[in-house]
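Just one chain is shown here, as structure tokens, and it is the form predicted alone.
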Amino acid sequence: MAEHHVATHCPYCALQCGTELTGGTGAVSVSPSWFPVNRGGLCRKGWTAPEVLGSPDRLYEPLLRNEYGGLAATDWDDALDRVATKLRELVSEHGPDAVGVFGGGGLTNEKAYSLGKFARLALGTSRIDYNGRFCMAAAATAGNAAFGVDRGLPFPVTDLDDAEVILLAGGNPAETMPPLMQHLEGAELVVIDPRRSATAERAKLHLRPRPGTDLALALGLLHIAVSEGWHDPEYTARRTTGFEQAWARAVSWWPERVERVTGVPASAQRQAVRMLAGARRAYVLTGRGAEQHGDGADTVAGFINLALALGLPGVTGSGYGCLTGQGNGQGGREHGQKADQLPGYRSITDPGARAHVAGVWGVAEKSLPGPGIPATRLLESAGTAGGIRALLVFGANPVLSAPHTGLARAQLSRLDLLVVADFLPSETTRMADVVLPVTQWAEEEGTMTNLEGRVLRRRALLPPPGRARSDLEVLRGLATRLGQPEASFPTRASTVFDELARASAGGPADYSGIDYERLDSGEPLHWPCPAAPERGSQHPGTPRLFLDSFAHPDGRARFTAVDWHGPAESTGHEYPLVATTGRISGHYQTGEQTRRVEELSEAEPESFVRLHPDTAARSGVRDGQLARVSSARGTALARARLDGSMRQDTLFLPIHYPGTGCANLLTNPVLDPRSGIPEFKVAAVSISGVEEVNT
């Protein structure tokens, strides 16, 4: 095979850094391209990504659980026939909602679209959701409520180059998306994070609230902005509604009260507001730290309220944005794999949206199911009366990523059928009855949508290895066995995209003016990009939203009246500390890919827990010692790392490790009532040392 090159994008985070892959005669190599978000840079995950393509335990052929309890190789027809037969039996006996579908924020737009279509047409089930419910749902809910549309950054990443001040609430891009930091170098940073992260180390001002009090801090910042004359009353009167109701909640959150609740000094609160309000170009950005709470949507709304009071959104050179995390975390939440959604970011309860999508699909509107349930509740329903009896998982590892993973594992073990489509063995494939080997990023064509709403082309360098198939082929194979016409589930990515574009037409995330030809020519196309009304003309896309008006019918943004009531779980005698979780620079998500990269696994080989030296001394834990961290839900074992910058009431554990090192053995499955996101960032815990026995 001759060596060749393709221009594509990194398989990891939502920056979607531009890369060029070279291969064909030997190992695949990667080099960064001069793409706007990364400008010739890559993080170490991006540099080492090709190593995963040749992983020794790559899944090459379908596997079936045999009579001895093991997984044994079979052929595709046997695997798909058995899955389809069992699905028909379960639907016949228990109804279509006995079958669940669980998608992923790393799936291409085409795969996410086809998965939603498969669930609603071939299965007729409402029980579909995806792992983005664990990370992006709160910001999406708050953004839709405030602005009428949810796009992580409603402006290009490069706009941040000219910022003077950026407030970053609950984000750590210096570790999670390092190439982004070059766009923040010219700004003074105000970082809100309970721990001194790599991003906080670069900050002009670091606010360290007690975990679970972010909303109280946001209310306090709004109080200062209004009561001390920093807000923009002309902007709020002209471009917003609901200010009075939001202010009525914030008026009681004076800085000294906020200091008592959060631990953030009143003087630091005032300094943060002065910095933002005094800048000509300022941004408020949120990340998972603000979102993964039982009040996550309200917390994000609190920071949006602050941005609106200061007159930032919809103004050139300023704004509010959310740092989307997963590779296709933006596109993955737009085209139908969410429980309450149809393609184009349409609501599944909207009669007009249902009629439009049904028309594209060639079915009756009344045949489409209604909204489903959030991902955590979907998993918890497994094997229960009225719950799901089968689950199909595409591009996710919920056994490791779900909160209270011990419960999730127990519930999934009660299923009559668990089917997992993946390219590497994972904790979830190891529980599966059927494992279907699929292609990964350098072996497939498709599109991704990055955190700024730009639609990008993913291109294949390699053919599928072994007997692996694309997810699109898997979905067609199952759909046709369930009675769907073959033409309804095409396997060519460009064909699927053309249908997706038609289905999205007129929706908030309108892709109808985008096609592969335009993308392959290098046009920078941000949605919405509707089809042009006149033949021969083309819509240029919308890199900056809200400059003229917001997406609500009256053109105004909405303040949301929110208040702080505290996390669902309080500390006490048995569990006196708070554990919070997050990512580290060397690994990604549940670590199934990065833990297979030698350089990355050697740098961070095992789970760890960061804690203050005084906390360790009180708990009898030594630096480097194996520690037992326990909550009301379970116990994790992690290597202690003493860190004098940590709050004395807080522990930090990374989310990337399996087995006894899994941080989600501890986390609380309580959900934000507005968005369905779990409270990953606050768990009451205890810690103690473990004496290891050398053998």
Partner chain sequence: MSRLVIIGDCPASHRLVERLLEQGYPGSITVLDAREHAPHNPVLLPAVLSAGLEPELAALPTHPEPVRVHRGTRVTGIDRQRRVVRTEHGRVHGYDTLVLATGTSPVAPDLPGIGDTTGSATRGIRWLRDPFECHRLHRELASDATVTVLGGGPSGVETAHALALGGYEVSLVHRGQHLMRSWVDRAAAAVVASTLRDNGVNVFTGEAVTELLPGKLVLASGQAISTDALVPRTGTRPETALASEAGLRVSRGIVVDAELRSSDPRVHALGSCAEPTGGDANSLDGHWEQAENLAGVLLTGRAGSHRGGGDLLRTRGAGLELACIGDPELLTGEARWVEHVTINDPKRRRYARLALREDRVLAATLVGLPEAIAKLSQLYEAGMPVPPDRLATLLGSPTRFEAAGRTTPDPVLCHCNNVSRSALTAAFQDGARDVPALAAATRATTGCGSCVGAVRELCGALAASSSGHVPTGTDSPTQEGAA
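Since the model is a prediction, treat every value here as computed from it, not as a measurement. Numbering follows the first chain given and starts at 1.
Only in words, not in the display: the form predicted together with its partner chain, which the text now covers.
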Q.
Within 4.5 Å, heavy atoms only, which of D623, E89, D81, E606 is in contact with its partner chain in the model of the complex?
A. D623
Q: Answer with one of T660, S33, Q648, S55: the residue that has a non-hydrogen atom within 4.5 Å of its partner chain in the model of the complex.
A: Q648
Q.
Since the partner isn't included here, can you check whether its partner chain sits close to all of G311, R518 and H526 in the model of the complex (heavy atom within 4.5 Å for each)?
A. no
(Q) Can you tell me which of 434-442, 136-144, 610-618, 547-555 lies within 4.5 Å of its partner chain in the model of the complex, counting heavy atoms only? (A) 610-618
Q | Heavy atom of S570 within 4.5 Å of its partner chain in the model of the complex | A | no
Q.
So, G95 and its partner chain: in the model of the complex, are they within 4.5 Å at any heavy atom pair?
A. no
Q. Might F243 be said to contact its partner chain in the model of the complex, defining contact as any heavy atom within 4.5 Å?
A. yes
Q | its partner chain contact at P179 in the model of the complex, heavy atom, 4.5 Å | A | yes
**Q.** its partner chain in the model of the complex - contacting residues of 254-292, heavy atom within 4.5 Å
**A.** W254, E256, R257, E259, R260, V261, T262, G263, V264, P265, A266, S267, R270, R274
